[in-house]
Ligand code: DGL
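Here's a solo chain for you in structure tokens, the form predicted on its own.
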Amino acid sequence: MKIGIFDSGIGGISVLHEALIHLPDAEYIFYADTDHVPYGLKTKEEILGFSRDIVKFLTDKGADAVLIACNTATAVAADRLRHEFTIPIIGMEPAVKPAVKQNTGDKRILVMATPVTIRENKLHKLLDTVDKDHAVDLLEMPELVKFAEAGCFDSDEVRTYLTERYSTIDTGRYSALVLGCTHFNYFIPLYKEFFPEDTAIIDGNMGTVRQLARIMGEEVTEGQMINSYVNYYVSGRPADEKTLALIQKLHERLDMIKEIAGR
């Protein structure tokens, strides 16, 4: 089984990381479209065009299915791509449903996402379906994608940005923080500095991998990431040694975050 995974940049590595742990027998093609990052500030037409070209690239490389490791691209392009390609197209959406399910009392839920994800109907249809008590708040965090792409995860600049964005809300009111962009996972240690200790931090990565497994008729496993075979591409070009070294550091950071977050 060969799985294509793509994102606007390095955020999708956080989804690939889960896939490597839980579907280790697959072969993977990972495509980071860093020439066009961030998608969250592009037009719908641009995002659809980029996504279509990438899926064509991945199918030409023999992908049996494509996982869109990008909430923004999923919101804009997933439905269209499913009509245009015959292989399974698996998308992502913010993990609002599990957050709502575990919410209690008068607590609220915060969903952080890119501007496009927040504007698109897909998220609002999801909220209409699962957020019956209107407990969900939305917060645009476009600069986090840029920080992630620059490898800037723990700097004072990131903390200043988070302080500014969180100044508009009461972080103590939230039972859950939902990460609506795969780039946001790299900053989990910093979110913990702003939210109460018992605030759950939830992403859609594992749920998406489980959906991939269901569609492909595979069983998910539990354990440590093994050295599955991955071909990495950057906007259609094979990743060079510098990029591969960065990707390895990202996997290591995700392992560290899993350990400290008990994920």
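When you see a residue number, it is the position in the sequence shown, counting from 1. Source: prediction; values computed, not measured.
If you look for the form predicted in complex with this ligand, you will not find it shown, but the lines that follow are about it.
This ligand in the model of the complex is approached by residue 145, whose closest heavy atom lies within 4.5 angstroms of it. This ligand in the model of the complex is not approached by residue 204, whose heavy atoms all lie more than 4.5 angstroms from it. Among residues of the shown chain, residue 58 is not one whose heavy atoms approach this ligand to within 4.5 Å in the model of the complex. In the model of the complex, none of the heavy atoms of residue 91 sits within 4.5 Å of a heavy atom of this ligand. Note on the interface: of 67-75, 159-167, 97-105, 82-90, the segment with non-hydrogen atoms within 4.5 angstroms of this ligand in the model of the complex is 67-75. Contacts between 173-211 and this ligand, taken as any heavy atom within 4.5 Å in the model of the complex, involve 180, 181, 182, 183.
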